[in-house]
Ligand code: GLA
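The chain that follows stands alone, in the form predicted alone, written as structure tokens.
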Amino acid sequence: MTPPSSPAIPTFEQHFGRAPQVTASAPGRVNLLGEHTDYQGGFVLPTAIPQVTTVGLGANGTREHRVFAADLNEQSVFAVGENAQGGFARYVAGALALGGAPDGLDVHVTSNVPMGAGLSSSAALEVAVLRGLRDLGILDATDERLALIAQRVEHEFVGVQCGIMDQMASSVANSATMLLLDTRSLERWLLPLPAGAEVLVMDSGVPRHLAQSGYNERRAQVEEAARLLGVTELRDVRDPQSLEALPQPLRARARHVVSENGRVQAALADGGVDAARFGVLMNASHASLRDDYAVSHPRVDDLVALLQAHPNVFGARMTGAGFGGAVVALVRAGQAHAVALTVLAGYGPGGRQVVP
């Protein structure tokens, strides 16, 4: 019996009755190491994933923006310069407003970046819209400035006090290399992935929603820890023993940030990126995120444990802000799909392979 086919997703032309003026896209990202350090001036190691968000834009001759998310079959209409009522449209509204769109635009959105999986579907959407505005000649901005505008969208229109990693990765990274980013100076380097290894990303099936999660609370906690320690950011802590003077849970939260920043630096020590060493550091990162930062989830922990136990896996950890979402593993080159099949058999319903 042939399964029923999925309904066709309406194109820009089908929904709005004409062709878009421009089409732009931006990728999601997976962070290999350096989690919850980007809002404390730390170093991070993300890479772009092959999945992208694509937007079509065209002037509509009104003072309203009309945004259609084709995959969700949802439309939102809001005035130029204003925020949308909620959901996906707030990311678009913020990008249009901060990107300087002076008149009404029709915006068509399609994406194969999984939503709610910790793979920066929101950053991909923001950056894609901003790239579209740049292509229209409305916005004159470098890739770095696009990322900074996208971060403001999260802060001012969505209510998530995120760091800069996701937006920088979506704007400047590629899927063939790692992006080493100094989130304080925004200096960046493209580095090869560890030799003999490839990246596997799996979705735990547990959705996450940062604005409703403990994300902003964690940020407030580490900012308070930095204040009590008398440093601008936890990146500036030179003696990890000084953290012992902090009350709980600030001590544990700060310990994660300081140790995680050290793990990124250790991964790149001696001028090379060794897969086995990188994997050990990924495993330690997950334990720190689970125990000190308390942003994991039991199902995520189960998936990570299955991956860590596989003989062709160097290391595995949750990725993204946490509270559900995806996990990332560094696996022996050529073994990613086989590893995923074995792990999914033990994990049960809900999980799926995302990358490669």
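Note that the structure is a prediction, hence the values are computed from the model and not measured. Just count from 1 along the sequence shown to find any residue number.
If you look for the form predicted in complex with alpha-D-galactopyranose (GLA), you will not find it shown, but the lines that follow are about it.
Stretch 317-325 is the contacting one of 46-54, 317-325, 303-311, 59-67, since its residues have non-hydrogen atoms within 4.5 Å of alpha-D-galactopyranose (GLA) in the predicted complex. With the partner removed from view, the residue among 205, 116, 163, 104 that has a non-hydrogen atom within 4.5 Å of alpha-D-galactopyranose (GLA) in the predicted complex turns out to be 163.
For the candidate set 157, 78, 88, 215, a heavy atom within 4.5 Å of alpha-D-galactopyranose (GLA) in the predicted complex is found for exactly one residue, namely 215.
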